[in-house]
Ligand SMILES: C[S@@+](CC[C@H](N)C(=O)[O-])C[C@H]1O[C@@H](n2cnc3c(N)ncnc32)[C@H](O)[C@@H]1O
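Next comes just one chain, in structure tokens: the form predicted alone.
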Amino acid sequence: MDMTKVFHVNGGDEETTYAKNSDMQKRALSLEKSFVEEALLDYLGGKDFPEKMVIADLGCSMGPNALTPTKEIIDVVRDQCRKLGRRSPEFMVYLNDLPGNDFNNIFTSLQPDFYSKMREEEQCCVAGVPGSFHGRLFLSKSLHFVHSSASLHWLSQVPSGLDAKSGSMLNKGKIYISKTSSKAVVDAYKQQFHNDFSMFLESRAKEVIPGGHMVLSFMGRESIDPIVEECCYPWELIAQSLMSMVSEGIIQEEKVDRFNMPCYIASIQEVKTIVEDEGSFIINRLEAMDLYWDVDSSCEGENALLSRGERVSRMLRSILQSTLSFHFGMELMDELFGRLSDIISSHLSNIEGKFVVLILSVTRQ
């Protein structure tokens, strides 16, 4: 599975679009605000105050959250410049995601409100940069500040040896690491994340100026155990939905056996070790925070009228549909996510579902 060609959130204006089902991601962005402000104030407190500031948002996606980090970063810089009696720098903002992302949605939303506000005091230019952040994207020593939210748990590919082309079926009936997964499956996922995150850091090390900062947030875990329930059960519930369709002859069992989700939920210690081993960045803060699947009071619009299971199922569909439909077929997506909605509703009646978000702040040495 070529992630650069397959993976993207749902664009358009339908009920399952990412733009209408990203309330949880909005809450995730709020968790990292203190990290972003702290990193920016540290950078602006340096000896060389920038006349131009280049910002990259990696995995920007689309919808109402796409420009939120950029606005908040620029607001912090502006406020600090006022306090210091300095002229605010000009801004160059790069919005990055995979080529299948709905960049048109983002650039349509730039006009007129974003530009009219951002250009009140200084020049602000915005450009889209399609491509994988697992490799190089920008010129050497060109970035002052890098941000990424809810993206780095996605791998560049299904772990080597588990993809359908290899003919392996080491993870039968599952789509991610589970309590029944063999050591070979767990090790394959760990190694793929190690390779991808190391490459991400190596690439950014070439692009970020000395003293530049990055704030990265992504799904993770506090436990050293990779099969801890809180990071496995979202994928386990999707696997249950698929296997229920297998039991009724809707999907062939081999189809499920050959599918593995291209993501990894890393531990704090794994992230810390990889950053330290790569050696280009100093860790300023690394913390884990809880993000609950569904909070009724936070939902807006028509989503407020849905059941908890329907809301969470729609959120997952808005992110995962492209990957799942590529393997199982678009014609099965309504059935799959309808079943998932019921399974999630049952699950949430017994346990409060949550993700763990890792937030990492680093400085380029």
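The structure presented is a predicted model; accordingly, all values stated were derived computationally and were not measured. Residue positions are given as counts along the sequence shown, with the first one as 1.
Unshown form predicted in complex with this ligand; subsequent notes refer to it.
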Superimposing the pocket C-alphas so that this ligand sits as it does in the predicted complex, and applying the rule of 3 or more atoms within 2.4 angstroms of backbone or C-beta atoms, the verdict is open
Which single stretch, out of 133-141, 78-86, 169-177, 220-228, brings residue heavy atoms within 4.5 Å of this ligand in the predicted complex? 133-141
Would all three of V9, D97 and S149 be in contact with this ligand in the predicted complex, where contact means some heavy atom lies within 4.5 Å? yes
Is W154 close enough to touch this ligand in the predicted complex, meaning at least one heavy atom pair within 4.5 Å? yes
Does L44 make contact with this ligand in the predicted complex, using a 4.5 Å heavy atom cut-off? no
Are any of the heavy atoms in V312 no more than 4.5 Å from a heavy atom of this ligand in the predicted complex? no
Heavy atoms within 4.5 Å of this ligand in the predicted complex: does L31 have any? no
Going by heavy atoms, what in 14-29 lies within 4.5 angstroms of this ligand in the predicted complex? Y18, Q25, L29
